[in-house]
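Here we start with a single chain on its own, the form predicted on its own, put down as structure tokens.
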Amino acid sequence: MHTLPALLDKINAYAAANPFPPAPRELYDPCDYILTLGGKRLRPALVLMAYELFQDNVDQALPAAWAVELFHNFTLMHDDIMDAAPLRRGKPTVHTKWSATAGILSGDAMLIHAYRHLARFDDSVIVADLLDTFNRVAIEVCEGQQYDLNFETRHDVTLPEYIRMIELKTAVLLGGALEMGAMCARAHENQSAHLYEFGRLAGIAFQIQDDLLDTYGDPAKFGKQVGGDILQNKKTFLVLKTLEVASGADRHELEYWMKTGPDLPVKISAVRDIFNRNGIPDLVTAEKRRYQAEAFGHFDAVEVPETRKVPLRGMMEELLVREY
């Protein structure tokens, strides 16, 4: 069994040993760039941790782990173009540093290289299963991004629709990473299914926690402006829960603030006051804990010694109580 830092070292060593082709640099420099912007390598680590629940020779799962990381960064590169985002992890985004054309083409190349790494697994039957899971998750992530874009111009988004969007855009890739790690270890499909559900449900809880932190986080720990979602009129879990439970007056006031621009100094405090009056922090925290409990129920159902579960359990628990 390896610690998380040891697994990250393995992932980074695999990446260094399997670089992109040397040319054309205009295509591959943006790929190298986004991979060095300080990502946590969470998703490839989940592949390896799931593998180590069942087997010890974790290097066998490195190609699948790196494929997941390449796919994730491909989505970030394209998402930044769609969002017209100038920064990613505090650094210029690829389309800002190069161009939108470079971001599109380099992202496409990353996706294709992800498939090349998946095909390196030494068992053709496992490769077929990995591709099925990878393709299912990949199209679901695209569906989630489209729903997110749709929500920007809709004023009737419901809470179940929002949950479905974050499930597709964020959670299914966490579940898929765990499922693929179990597949590489030749685990029984029931065990793979439990791990997928563990990741999917934990991913929903993770995003709900992120929504809470954006409004109630400690600015010194959160690393970005608290209240950014409010300023951008994002339809977060907090907003949609308020619209679901608030009185008419509070609902109308929230709807008013959701139509204003980001340059009103009192906007964050006014919306936070509406949340507080309606007990939204407690309601949202309860929902997050419900998803978290259901997630760990699936993890508990995975039939391996508890000692093997310690690294993965610890990492997930830390993610779901994080303050940044």
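Computed from a predicted structure; not experimentally measured. Numbering starts at 1 and runs along the sequence shown.
Just so you know, the form predicted in complex with a further copy of the same chain exists too; it's not on screen, but the next bit is about it.
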Joint contact, Q232, L254 and G314 to a further copy of the same chain in the model of the complex, by non-hydrogen atom at 4.5 Å: no
In the model of the complex, Q191 touching a further copy of the same chain (heavy atom, 4.5 Å): no
Any non-hydrogen atom of T101 within 4.5 angstroms of a further copy of the same chain in the model of the complex: yes
Contact of D108 with a further copy of the same chain in the model of the complex (heavy atom, 4.5 Å): yes
Contact of D132 with a further copy of the same chain in the model of the complex (heavy atom, 4.5 Å): yes
Listed range touching a further copy of the same chain, judged in the model of the complex by heavy atoms within 4.5 Å, from 180-188, 209-217, 76-84, 232-240: 76-84
Heavy atom within 4.5 Å of a further copy of the same chain in the model of the complex - the one residue of D273, D282, D59, E26 that qualifies: E26
Proximity to a further copy of the same chain in the model of the complex, single hit among I112, A249, L159, V245 (heavy atom within 4.5 Å): I112
Stretch 285-315 - residues with a heavy atom within 4.5 Å of a further copy of the same chain in the model of the complex: none
